[in-house]
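Okay, so here's just one chain, in structure tokens, the form predicted alone.
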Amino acid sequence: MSKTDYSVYLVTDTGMCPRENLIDVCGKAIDGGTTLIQLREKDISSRAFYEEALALKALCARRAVPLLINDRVDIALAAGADGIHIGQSDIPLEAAQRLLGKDKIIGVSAGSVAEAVEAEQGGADYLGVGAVFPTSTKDDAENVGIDMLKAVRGAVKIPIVGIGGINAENIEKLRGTGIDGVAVVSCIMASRDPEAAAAALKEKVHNL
């Protein structure tokens, strides 16, 4: 899965936009240059999650943008998503691989070099490393900082996506870290102009 473009990675949050606007916001984000979308839901029924995933998968398929599901292997399989992203307390990587098969993208959250190396050795396709900056979207996220990004980059060869509080104003602080992209939530999901927000990131991420 090394050919996947992780440069502008959108993580959804329907707490920041009405759920009925999700597909429209994601479509505009893709118009602006979003290259991958992760659907993250925590507080809806499995049926609602599945239906939302189906609708978003249809959009992403039309636009040739991969769709990942946060945590839920069952939803990913049922909706025909391109893969999943799992955290340290979610289903283990090995189990996710067994259920999803070899053709799906599986990303793993890492907050330390040890976690990153373990994920790479286990066969993860990419790493989400953070929180880089303070963030309000995850209450339990600890800041790992820019030095940790550099340390992880030096320890693994698989793609790395920085996540946590990243926006068009502070993204330039990540120059020289060697990351392959940035995962963002609020700077697109809460934007009045998701297309412009994605475009601003797209322009700057290639200069890192």
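One rule holds for the numbers: they count along the sequence shown, beginning at 1. Owing to the predicted nature of the structure, the values given are computational and were not obtained by experimental measurement.
Omitted from view is the form predicted together with another copy of the chain, to which the following refers.
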Self-check item: Candidate stretches 43-51, 28-36, 175-183, 56-64, one within 4.5 Å of another copy of the chain in the predicted complex by heavy atom
Solution: 43-51
Exercise. Indicate whether residue 117 is a 4.5 Å heavy atom neighbour of another copy of the chain in the predicted complex.
Key: no
Quiz item: Given that the partner is absent here, does residue 73 sit within 4.5 Å of another copy of the chain in the predicted complex, heavy atoms only?
Solution: yes
Self-check item: another copy of the chain contact at residue 92 in the predicted complex, heavy atom, 4.5 Å
Solution: yes
Quiz item: Hey, in the predicted complex, does residue 121 get a heavy atom within 4.5 angstroms of another copy of the chain?
Solution: no
Quiz item: With the partner left out here, if you bring back another copy of the chain in the predicted complex, are 78, 88 and 98 all within 4.5 Å of it by some heavy atom?
Solution: yes
